[in-house]
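Same chain, two versions here, written out as structure tokens and called structure 1 and structure 2.
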Structure 1
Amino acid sequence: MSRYQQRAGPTMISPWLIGLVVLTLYPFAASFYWSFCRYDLLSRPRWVGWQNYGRLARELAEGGTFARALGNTAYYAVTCVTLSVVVGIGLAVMLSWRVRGKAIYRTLCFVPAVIPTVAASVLWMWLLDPHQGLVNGALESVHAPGQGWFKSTSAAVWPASWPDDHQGRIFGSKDGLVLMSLWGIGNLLIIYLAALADIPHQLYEVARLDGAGRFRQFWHVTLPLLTPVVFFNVVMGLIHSVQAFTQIYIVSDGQGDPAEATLTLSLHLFLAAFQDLDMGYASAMAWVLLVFVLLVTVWLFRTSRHWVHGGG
């Protein structure tokens, strides 16, 4: 370690270091401080102790807006991530089959991932229109009930949210968002395809000699060897979907419509800050979000030793 390098190193990373202090560390500290303040941007922040957190706790206990935002966020993140594992692996396995024109299928399945979020949101709002949309049209043509999608507060995985006389109309706005996110799953496909290609060929030969069919090869060879990648994707997917904003803002008219069914933490926080100018409350929510993400990540790492191949 030369003295020259000791000087040159910090100099070269200085742009990032300045950015770290001004655009990350200072904001990090300031938002923590403001979460204990009342602050409307117009007057100076005023210390109010635990008041903002108290309000969050109260709303949580009484099933207020914050409780709904937390529930919506959890629903969206868990559904997205779970389905992305199933759909991602399923599609990647199909795309690794030896068929003529494999390259074309791979390219076509990836294309939705490069569609700008704004354009994809606008497109899906039309596709999922309850009356004229293509998706309901397709459902009705096979005599399935059309769904409410972005106009409905129902959530398919949460029976308590179904309307009383739903008659099979159970998919609502959050499910529409999940569908949209699954459509743009291309990045995950690339990662799963890479992982599939890295599985040693010989393992399948051994399994075949042992008399394993396609299904058992998948279950006993492919799936266990994919678990480290699945783990990585679940952690990143959760962190990512908890922070999702643009598509939610657009399909919910910037308000979490209908009836706060798509009001996630990130949207609620944004509105509290820049619509209500309630910076203290918004900052407190940001810190709850951070703790929430940390807890889930730690929990995932702890459980990983039970299901991740060679993990722990």
Structure 2
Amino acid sequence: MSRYQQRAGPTMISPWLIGLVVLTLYPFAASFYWSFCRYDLLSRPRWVGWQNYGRLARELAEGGTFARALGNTAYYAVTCVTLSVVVGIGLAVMLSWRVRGKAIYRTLCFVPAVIPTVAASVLWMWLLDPHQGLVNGALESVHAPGQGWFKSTSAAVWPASWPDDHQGRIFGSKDGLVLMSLWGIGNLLIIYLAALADIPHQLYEVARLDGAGRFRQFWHVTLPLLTPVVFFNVVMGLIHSVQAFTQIYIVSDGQGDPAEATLTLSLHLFLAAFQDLDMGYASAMAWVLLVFVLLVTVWLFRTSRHWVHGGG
């Protein structure tokens, strides 16, 4: 190769290399250094050792802001991932049935996934308005109690957060965020539909010959062969839900309202860094979040051998 040809390759990929160094590697290393500093973005970082991590540990032990943000994040992530698997598989199975207009139904289920996050957030704020929202109007039309949604601190799967006089009003702000995430489940549907189409029809024929009904075919054939896809969607859904920011910022007025019920770690990190100008504390929180996601992901990989099954 000539000298010109040897330099052509690095020259062609130099924009990507510069972007990798400037936009990824440098911020990654800088945030690790800042997590041990007191840094307000206006003056030079000052080394304080483990003070930022000690502050996070105290807040976690005393039930401070970081503890509430971690609890909200865990609630949102676990609920979103669990419901996305159940609803996604259920819709994918129904959309795989041979019915007239199947392509139209698939399109309608996928369209919400391409709507911009800001537009979807504003739409759901209107739909879930406690006083004039269409969802509460539909509930009241069937004599069901209206819910507080984004104006309430209660959480449906967390009974300790229900008010003493809830009178059936158990859905709160975090549940509204979960509904928003389920509405855009179209990307997962595409993956589940592709996985369903990849299951050999011979397995269903053998199951029918053995006397298996629809439920047993689903439980013993469909679901085991979907577990690799379920595992992939669980890991990606966990990462995506922990990083969720835009919709949470919009529906909570950028403060985690009401009463920090929607204050997740991503929002708390943003407010600490750019509102309180405490970049050292925010960087420490980011690294704690990274370790938290890493540990959960490793645990999922370790346990996958017991419930993820391949085609063989």
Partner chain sequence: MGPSTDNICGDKTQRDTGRPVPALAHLWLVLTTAAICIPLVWMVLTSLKGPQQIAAAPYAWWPSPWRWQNYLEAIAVIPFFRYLGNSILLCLGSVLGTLASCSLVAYGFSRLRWAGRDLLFGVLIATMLLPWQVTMIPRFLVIRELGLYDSLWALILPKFFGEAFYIFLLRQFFMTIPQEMIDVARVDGCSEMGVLWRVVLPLARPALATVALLEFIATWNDYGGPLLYLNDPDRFPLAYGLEQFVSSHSSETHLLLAASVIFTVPMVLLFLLTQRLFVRGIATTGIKG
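Only a predicted model underlies this, so the values are computations on that prediction, with no experimental measurement involved. Counting starts at 1 and follows the sequence of structure 1. Between two forms, the rigid core is defined as the largest C-alpha subset superposing within 1.5 Å.
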property: Label of the structure corresponding to the form predicted on its own; result: 2
property: Residue 299: Cα shift of 2 Å or greater between the two structures (core-aligned); result: no
property: Core superposition result - C-alpha of residue 14, shift between the two structures, Å; result: 3.3
